[in-house]
Ligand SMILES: Cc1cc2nc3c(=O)[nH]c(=O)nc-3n(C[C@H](O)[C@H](O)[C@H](O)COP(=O)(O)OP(=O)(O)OC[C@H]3O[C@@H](n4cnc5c(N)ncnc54)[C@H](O)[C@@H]3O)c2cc1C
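Have a look below at one chain only, the form predicted on its own, in structure tokens format.
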Amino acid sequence: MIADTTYDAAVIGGGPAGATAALCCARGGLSVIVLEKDTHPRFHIGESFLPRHYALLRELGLLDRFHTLPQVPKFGASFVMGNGEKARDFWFKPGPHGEESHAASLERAPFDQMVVSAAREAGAVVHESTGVRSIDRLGDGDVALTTTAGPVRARVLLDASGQGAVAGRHLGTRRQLPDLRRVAYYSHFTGVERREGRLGGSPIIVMCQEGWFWVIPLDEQRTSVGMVIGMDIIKAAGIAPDRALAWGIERTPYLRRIMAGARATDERNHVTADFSHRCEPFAGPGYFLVGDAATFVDPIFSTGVCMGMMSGRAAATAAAALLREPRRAERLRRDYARFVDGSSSVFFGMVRRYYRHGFREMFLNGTGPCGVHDAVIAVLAGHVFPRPVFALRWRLRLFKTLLDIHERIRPLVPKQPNFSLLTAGPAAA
């Protein structure tokens, strides 16, 4: 049963974003309730973490707990065309403020449970298997929710409900991004071939004209493999959604080779559709939108958990300040929205360029003038909060200019044929 009281903060969602928000609220002296519709541990995709996220875990005092979880060290990332022989490897470097140059990949279920357990130990009241049926009131100092376990009252709402975007749907502000309408098909496998040494922990991004695949080592045995592709392609090909991943793998020579002895842990692949969206404004009277409930970026750069936890901490800080000094409400909401937009817009820009073949040609070339490739890798490492430092911003602008020249005026790197799943055909019997 939910206590008949008014909490300082109500958090919808007990994933990493919501749990971080609750943890920081509780440590800040606020009474906070977390409403999680599922029960931990539960399966979730998004297993590859960023160096900036690794630094955040240290800042939150969670790094020792994190080290107890089974994981694979991650020192960079690798990219290859679907019909390529050898991946191009990129290595992380220390961040602009001395942040770590490494991270890790691991199964999400124990990680998510670790963060929500830390929030509970800090004093947050956590209700699992408790869904939010409706938002009844949403205003400064006056939030009322109806849940499957009874009514909840609070002074401020932090919505970390993920793609469910409870507050965004209630407010009618959730907007899909038409140019990023794609579907992810994914599963876990054993027996996927790995490289030696530090390269064995690098996620591999396998690129094709229609989208891309990820190959992420999770532990000594299991590897997460997924395909992100345009929404209409699988339907037009007449492929059942739960068989789409196998269809893509058998058409991709690089994956066929490294997965020759692989076996899926599930009979059919999982499916997540329509995932890129924004719900603006990110804060308003009575609420802050956190993580995926605010905006979700195509997962090509594994930004989801890092963005979620960074925004969870920022939202908790803003909410605590707002409750102490209500007269600063507009300024605090504006600053928080700027934080979310300033960091996510960098990722959105990079994602949109990533789907241009010219970007892939330049990126796979491996080098560029004035350290532009290092700037791109710094974004991949998550060093964008609250916005990239000037040394990164001007290099990213230069990279964009060079990309336009490469595509529209004259090639700056050797051209490469685009690999297409639709024309490649399946492997020979």
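Start at 1 and count along the sequence shown; that's the residue number. Since the model is a prediction, treat every value here as computed from it, not as a measurement.
Form predicted in complex with the ligand: not shown, discussed below.
Practice prompt. Could you tell me which one of A244, V305, V143, V215 places a heavy atom within 4.5 Å of the ligand in the predicted bound form?
Written response: Partner contact (heavy atom, 4.5 Å) among the options: V305.
Discussion item. Please identify the residue among R251, R108, H102, R174 with any heavy atom within 4.5 Å of the ligand in the predicted bound form.
Written reply: By the 4.5 Å heavy-atom cutoff, the listed residue in contact is R108.
Discussion item. When the contact criterion is heavy atoms within 4.5 Å, does A55 count as touching the ligand in the predicted bound form?
Written reply: Heavy-atom contact with the ligand at 4.5 Å: absent for A55.
Worksheet item: Is V376 close enough to the ligand in the predicted bound form to count, meaning some heavy atom within 4.5 Å?
Response: No - in the predicted bound form, heavy atoms of V376 and the ligand never come within 4.5 Å of each other.
Worksheet entry | 4.5 Å heavy atom contact, P388 to the ligand in the predicted bound form | No.
Worksheet item: Heavy atom to heavy atom, is I45 within 4.5 Å of the ligand in the predicted bound form?
Response: Yes - in the predicted bound form, heavy atoms of I45 and the ligand come within 4.5 Å of each other.
Item to complete: Quick one: find which of 259-267, 79-87, 343-351, 288-296 has residues within 4.5 Å of the ligand in the predicted bound form by heavy atom distance.
Response: The contacting stretch is 288-296.
Worksheet item: Even though the chain is shown alone, can you say which residues of 181-198 have a heavy atom within 4.5 Å of the ligand in the predicted bound form?
Response: If the 4.5 Å heavy-atom criterion is applied to the ligand in the predicted bound form, 181-198 yields A184, Y186.
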